[in-house]
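We begin with a single chain expressed as structure tokens, specifically the form predicted on its own.
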Amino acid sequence: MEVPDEYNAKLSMRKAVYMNNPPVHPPVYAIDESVCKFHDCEECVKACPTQAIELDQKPEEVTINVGSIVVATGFEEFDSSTIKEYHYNDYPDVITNLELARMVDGFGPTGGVIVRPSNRQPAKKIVFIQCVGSRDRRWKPYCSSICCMISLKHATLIKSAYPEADISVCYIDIRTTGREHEYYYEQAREMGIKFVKGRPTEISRDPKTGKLVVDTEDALLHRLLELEADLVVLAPAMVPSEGTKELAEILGIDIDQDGFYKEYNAKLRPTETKLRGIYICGGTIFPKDAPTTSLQAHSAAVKAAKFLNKGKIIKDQRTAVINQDYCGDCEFCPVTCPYHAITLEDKGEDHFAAKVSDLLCEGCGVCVGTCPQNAIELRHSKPEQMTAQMNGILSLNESAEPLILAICCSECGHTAVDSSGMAMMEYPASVRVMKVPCTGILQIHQFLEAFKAGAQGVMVVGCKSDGCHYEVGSQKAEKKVDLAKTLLNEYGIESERLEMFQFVFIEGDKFAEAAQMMSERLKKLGNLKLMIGP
């Protein structure tokens, strides 16, 4: 039995017994059950010298107990047939870079000869179309980052082997980020490869000659072109592998807005997820070239090995505790928790109480700031401890400057304060810094308590909303600050005395500027007068 070979872009045939990826070692064969005749044939069983084939083998589920997981599911090409004007799958001579890669390979189905799939005749005129589905708000708004270099590689390889080939590349921008990649681009131009700045509008086919015609613009020369081609090569967007979303739900890790897995921190912890022991690398995070993918694979493997070598998980005791007697069935905290550490327990009589997993809880305190019943506390950051700390640092003021309480998260906020100190930046001595795990732990009444304790102004300093180390903490704090400002106005207190600031950890200069700005603002507002009852 023979069927078109998917690995070779259906440019050759394969048997019902085949290898999914021939270059992989050790080689492992599979049987295509859609075409195999099984017991009606049994030729493979007769031919196998080691009796390794079991035609009656059934699929089975295997549960494996592991201590760490590395997700390396890669990416795949965007389905170019979605863009109807390019007629992929309609015209056999419109192919993708992946299919061309099999042609370019000397051990591939065509022996390195670039042919037209329609008639297997050599292709002399080739047009590359970049950004097929990429940088297009109809499909994928992001740049897939590696497509330009893939097309340049293929174009220069073909031009080197067949100098007479007429090759054109239609592009929006040529992006050659990488060591000496710009020289690669310059080399392609020197070899005679033509570059046309413009996104093609349609590919048509002459029914008489079978030739393809690419309608495009030349944005540099301000003219319309019709490029005749034997072969059109599309550079599709790179998209997440099939099943990425389902796997993310199973593992409990996050997906970014582009559909790829979300790393814990793109700069500092690029192969880690929010869950201990689960790592990601390579194209699962975003399209990457081979060197970068290899580097990340090494990083993920080393981190997984280091995690396993400890033999145990060491946890900070700063985790949330729930008083189930106070829990009021609101179910806010399981939805709010960014680590899925809170579940609901059936207490009978239609009453459910929240329960925290100490293993999954990362001690952000977002649930504390969300609970309307005050049924949740964070170990070592209990409300009474935070109030005592607040009163302590505001109890003395030896400066004539207005007293300011800066409540900073332990990640970017407090690190920005440290950065300003290390850089010898000056800000008013009346600014008192109070560190909390995350600004998401804060409750509205705590802002009012700060004013009652003697603060003339309050600064809430957290991470950027789109870069919060605890995902949603900074966003929730921002909403609470806005609501608290409304309450202050109702109480006759200027809302300008309370402000939210969001910094990256290295922006110590911005913290110093914000502190100085708040001090000058409070001087203009004058002293705060509170009406405190008996």
Partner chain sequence: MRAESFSETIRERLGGETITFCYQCGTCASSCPVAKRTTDFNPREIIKLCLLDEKDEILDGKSIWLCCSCYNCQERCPQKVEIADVIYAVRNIAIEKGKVPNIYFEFFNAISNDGRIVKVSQFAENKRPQLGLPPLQPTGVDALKKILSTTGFDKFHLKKEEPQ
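Here the structure is a predicted model, which is why all the values come from computation and not from measurement. Positions refer to the first chain, counted from 1.
Keep in mind the form predicted in complex with its partner chain is missing from the figure; the text below concerns it.
Asks: Taking its partner chain in the predicted bound form, would 85, 198 and 222 all count as contacting it (heavy atom within 4.5 Å)?
Replies: Yes, the whole trio is in contact, each within 4.5 Å by some heavy atom.
Asks: Quick check on residue 172: any heavy atom within 4.5 Å of its partner chain in the predicted bound form?
Replies: Looking in the predicted bound form, residue contacts with its partner chain include residue 172, since a heavy atom lies within 4.5 Å.
Asks: Can you tell me whether residue 310 touches its partner chain? I mean in the predicted bound form, with a 4.5 angstroms heavy atom cut-off.
Replies: No, no contact at 4.5 Å.
Asks: Please tell me whether any heavy atom belonging to residue 216 falls inside 4.5 Å of a heavy atom of its partner chain, as the geometry stands in the predicted bound form.
Replies: Yes, residue 216 sits close enough to its partner chain in the predicted bound form that at least one of its heavy atoms falls within 4.5 Å.
Asks: Give a yes/no on whether residue 135 approaches its partner chain to within 4.5 Å in the predicted bound form, heavy atoms considered.
Replies: Yes, contact at 4.5 Å.
Asks: Could you check which residue among 79, 254, 202, 401 gets a heavy atom within 4.5 Å of its partner chain in the predicted bound form?
Replies: Spelling it out, the residue with a heavy atom inside the cut-off is 202.
Asks: So which of 249, 186, 226, 350 reaches within 4.5 angstroms of its partner chain in the predicted bound form, heavy atom to heavy atom?
Replies: By the 4.5 Å criterion, the partner-contacting residue is 226.
Asks: In the predicted bound form, which of 360-368, 136-144, 321-329, 340-348 comes within 4.5 Å of its partner chain (heavy atoms)?
Replies: Single hit among the candidates: 136-144.
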